[in-house]
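Before any questions on binding or motion, here is one chain by itself as C-alpha cells, the form predicted on its own.
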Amino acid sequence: MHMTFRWFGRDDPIPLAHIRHIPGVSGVVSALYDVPVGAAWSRGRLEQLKAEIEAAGLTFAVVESIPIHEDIKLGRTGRDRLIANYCESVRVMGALGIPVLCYNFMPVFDWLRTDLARPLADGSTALAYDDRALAAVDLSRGTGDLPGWATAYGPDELQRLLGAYRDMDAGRLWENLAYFLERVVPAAEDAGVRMAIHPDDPPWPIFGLPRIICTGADLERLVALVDSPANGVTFCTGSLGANPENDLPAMVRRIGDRIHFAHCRNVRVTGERRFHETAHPSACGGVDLYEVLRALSDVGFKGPMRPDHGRMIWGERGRPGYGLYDRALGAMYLQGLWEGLTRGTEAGA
C-alpha cells in the first residue's frame, strides 16, 4: 500500500508543499478539471500537471477522474466517438506512467450531500446526507442548491437530462456500462492503466435515477462484465458504509485483487438513508476501518490508498470535506493501522 492525497490543482488552497509535509504520503490524486466532459485529454496538459506534482517530490499516482459523458450512460447515438476520446485519454495516462484511473457511472449527479457543514459534538463540521432533505430540493432551479456536486446545470439543461433518463432503468444502465467497458478496458490494458470504478455515493437511487454500483453483488457483477485485471474497483468505505447492510470486509475478500484503489473514511448512520461523516478512526463512526484494512492486507492489496473526506477542524476554511488537517490526521491513522497489520503478518502473528 502507498498513501496518497487528493489535490485539485492550482485552484486548491492546499499547496503541494503542505501535502509533502504529511509523513508517509508519497502520491497525489488529481485530474485535468477544466477539460470539457467528452473531450480527449492532451498529453501536453497532463504532462504539465505530472511535472508540477513531481517537482514537489511526489508522484502522480491516480487520475480521479475522467468524467464519462451522459450520452455514454444514456447509450445515445454518438457515444462511440465519445468512447474513442475516452480511450485516447487513457492512452495518454499510460504513456505518462500514471497507473490508476478512478471513475464513476452515476447518472447526472456525482457524489451528493444535503449539508456541507453539519456541526458535530466536538465542535468540528462535516458533510452530511438526509434523504428527507433531498426530497425537498427544488430541481426546477437547477443544481445550485445541491452540496457536493461540482458540475452546475441550469434549470433547462437539468430538466432535459432528467427527461432523457425518464425511461432508463437499472438494467439498461448496466448494458450501457458493459458497452463502455468492453471498449475501454482493452485500451486500458494495452496502456498499462487499471480502471477503478467508484461506488455510487450515496449508494441508492436519487431523484428517481438508477444507481447500480451500491453493494457487494454490484461490485462482483462489475468485475465480471469484462474479465480483465484492468477492470477493477475503487473501494470507498464511506460510500459503501452509508448502507449498514453492506459487509465491507467480506466485500474486500470477495473481489480481492480487483481492488486497485482504496478511499478510506468513516460515516455514522443516523437513520434510514441518513448519515454524516466523521473523523477516520473506527470508534468515531460505523465503519470498522481496522477490519477493512485487515481484509485488504489479507488479499494482498498493494495499490494507492487515500484518506477521503475529512471534517473541517481548527478553524480551517476552504473546500468542505477536503481540508488539510483532518485528512492529514486520517492519513496518519490509516498508516498506523496498516503498519500494525502488516508487521503482525510478517511476524506470523
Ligand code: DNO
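Just so it is clear, the model here is predicted, and its values are computed rather than measured. Numbering starts at 1 and runs along the sequence shown.
The discussion below concerns the form predicted together with this ligand, not included here.
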- Should W41 be classed as touching this ligand in the predicted bound form when contacts are defined as heavy atoms within 4.5 Å? no
- Item | Contact flag, F301 vs this ligand in the predicted bound form, heavy atom cut 4.5 Å | no
- Message: Taking this ligand as it sits in the predicted bound form, is R258 near enough to touch it, meaning that at least one heavy atom pair lies within 4.5 angstroms?
- Response: no
- Using 4.5 Å between non-hydrogen atoms, is K73 touching this ligand in the predicted bound form? no
- Selected contact from M106, V223, L158, L181, since only one has a non-hydrogen atom within 4.5 angstroms of this ligand in the predicted bound form: M106
- Could you tell me which one of S297, T59, S65, S282 places a heavy atom within 4.5 Å of this ligand in the predicted bound form? S65
- Looking at this ligand in the predicted bound form, do all three of A126, H276 and R327 come within 4.5 Å of it through at least one heavy atom? no
- Item | Segment that reaches this ligand in the predicted bound form - one of 213-221, 107-115, 166-174, 244-252, heavy atoms within 4.5 Å | 107-115
- Is any part of 1-21 within 4.5 angstroms of this ligand in the predicted bound form by a non-hydrogen atom, and which residues would that be? R6
